[in-house]
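Same chain, two versions here, written out as structure tokens and called structure 1 and structure 2.
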Structure 1
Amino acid sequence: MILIYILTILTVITFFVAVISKIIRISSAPVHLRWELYPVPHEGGGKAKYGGSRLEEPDWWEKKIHKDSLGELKVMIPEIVFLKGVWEHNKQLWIGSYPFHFSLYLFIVNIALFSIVTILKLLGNDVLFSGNIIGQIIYYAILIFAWTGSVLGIIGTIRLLFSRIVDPNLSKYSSASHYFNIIFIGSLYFTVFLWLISGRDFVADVSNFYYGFITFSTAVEIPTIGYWHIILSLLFIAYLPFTHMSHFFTKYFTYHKVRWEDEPNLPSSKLSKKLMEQLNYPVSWAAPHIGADGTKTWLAIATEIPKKEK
């Protein structure tokens, strides 16, 4: 059990270090040229509904920019919770992808619930088993989420795996890791399902593990299938940020920093200073018409008269 606790610590560290370093890497990239794509949901004045922008206004630079953050939430919530984009553009995929992703959400909710009850237990309130109504609600919520998540997850896994194998549109573009990833996530659902039907008290087992981990106790007993589930889950959490599945957080950047990024370059703004720095980056593109030598800057190259081409 101690080894599992150590693995848990290493997993949490790996996960956060990998996620944070990726966030830093992406955020510290240079400011790019505007590349938004409409509709941009924070456009105010009812424009977001039809995909309009402030550029529809005459002399827009003289007007106050009205950014509707609620508009972004109205798009983000259905996108995250229901995978709305996939539903609208690829219903066949949604049939497998939605239960597959929704099950992960349910498992994440369970992780949060177990963490809360563990903290409460440490504080002397064993809410899950104290017999009070809130404890009972949490107990059955966890159980329902685990059952629903594992069953839907298995269905989603089978459907996605089947599509990846038989649909040439997908199989032609799938690397070995695509199949591996689906099976890997499917194994998390399957092991929970086996744990649930093993006749053990699943909620008690898992909450004991959480409490044992926090107190570093060796007196925790979980079934073999529980060990399998925990080890696989830990390995998956550590592996996740290193794959394309890191879109669970990089999607923030693809939407907010590219697709919806429409900040105007106002004189003397922070943005304009940053852009001026970048215009002083040296250029080394080699085509003759560029006229770069590795030291000349973008600004110099963009403002000079290019060499006549032969």
Structure 2
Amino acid sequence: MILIYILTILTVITFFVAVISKIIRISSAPVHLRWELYPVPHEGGGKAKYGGSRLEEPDWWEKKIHKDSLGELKVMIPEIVFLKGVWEHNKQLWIGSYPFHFSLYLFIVNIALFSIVTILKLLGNDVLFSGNIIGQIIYYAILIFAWTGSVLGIIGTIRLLFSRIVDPNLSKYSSASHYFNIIFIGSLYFTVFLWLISGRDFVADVSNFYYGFITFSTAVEIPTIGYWHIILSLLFIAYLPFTHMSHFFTKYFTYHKVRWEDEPNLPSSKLSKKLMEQLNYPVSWAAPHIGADGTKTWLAIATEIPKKEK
């Protein structure tokens, strides 16, 4: 069991180091080309309702910018919770993708609940098995989420694999890593399902593992399928930030720094200084119509009068 605890610590460190380093790398990248498609959800003043923007107003750059954070949440919550974009653009894919992702959400909620229970137990309040109403609510909530997540997750896994194999619009773009990732996550759902039907008290087993991890106790006993699930979960958590599945946090940059980024480029502003720095980067493109020689900057090429073709 001590080896499992050490593996858990290494996994958590790996996960956070990888995520933080990727966030720093993306945040320090050059300014991205904006989409500039309106309406932008955080556009204040009610203009987003009809597809407008502050650019309609004269001397808009001199006026105070009003951002509507609620407008962003109205777009983000349906996208995150219900995969609204997938539903709108590919309903057949959504049938498998939604239960597949929703099951992960339920498992994450269970991690949060077990963490709360463990903290309370360390403080001397074993709420889960104290017999009070709150403990019973948490116990059965965890159990319901585990059953629902495992069953829906298995269904979603099978459906996603079927879609990627049968649908030519998906299969031609599906690499070995896509299938591997689906099966990998599916194995987490399957091992929880086996744990639940093993006859053991799933909630008690997992709760004891959490408490044992914090206290480094060797007295914790879990079934073999429990070991398999925990090891697979730890390997997945360590593996996650290094894959395209890191969109669970990089999607923030896609929306806020590309799709919705509308900060005005005002003189002497931070954005203006960044852009001027980028305009002085040398261009090494090989395309002859660019006229790059490896020393000319973007600014020089953009302001150069094009040569007349012979």
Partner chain sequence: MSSKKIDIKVTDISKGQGILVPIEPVDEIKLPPPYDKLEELPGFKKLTQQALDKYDGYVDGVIAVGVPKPQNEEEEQKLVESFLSGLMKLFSNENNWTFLQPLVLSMEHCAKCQTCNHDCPVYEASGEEEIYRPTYRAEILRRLYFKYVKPGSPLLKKFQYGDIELNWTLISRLVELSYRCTLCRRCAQSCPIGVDNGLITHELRKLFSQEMGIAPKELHEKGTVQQLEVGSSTGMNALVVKDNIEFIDEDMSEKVGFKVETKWDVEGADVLLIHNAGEILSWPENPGAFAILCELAGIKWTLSSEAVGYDGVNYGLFYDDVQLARIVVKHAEIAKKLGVKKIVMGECGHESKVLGIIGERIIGGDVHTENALTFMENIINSGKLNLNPDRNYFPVTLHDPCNLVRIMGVVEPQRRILRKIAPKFREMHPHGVRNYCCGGGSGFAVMSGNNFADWRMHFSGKMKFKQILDAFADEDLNSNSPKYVCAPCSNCKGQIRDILDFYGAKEKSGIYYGGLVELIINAVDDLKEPFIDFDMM
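Basically, rigid core = biggest C-alpha set you can superpose within 1.5 Å across the two forms. Please read all numbers here as calculations on a predicted model, not as lab measurements. Sequence positions of structure 1, starting at 1, serve as the residue numbers.
S.K.: Between the two structures, is it 1 or 2 that corresponds to the form predicted together with the partner chain?
M.R.: Between the two, the form predicted together with the partner chain is shown as structure 1, not structure 2.
S.K.: My question is whether residue 278 is one of the residues whose C-alpha shifts by 2 Å or more between structures 1 and 2, given a fit on the rigid core.
M.R.: Where the cores coincide, residue 278 still shows a C-alpha shift between structures 1 and 2 that is 2 Å or more.
S.K.: Answer yes if the CA of residue 298 moves 2 Å or more between structures 1 and 2 after aligning the rigid core, and no otherwise.
M.R.: Passes the 2 Å threshold, so yes.
S.K.: Align both forms on the core first, then report whether residue 70 has a C-alpha shift of 2 Å or more between structures 1 and 2.
M.R.: False for residue 70: its C-alpha shift is below 2 Å.
S.K.: Once the rigid core is superposed, tell me how far the Cα of residue 37 moves between structures 1 and 2, in Å to one decimal.
M.R.: Its C-alpha position differs by 2.7 Å.
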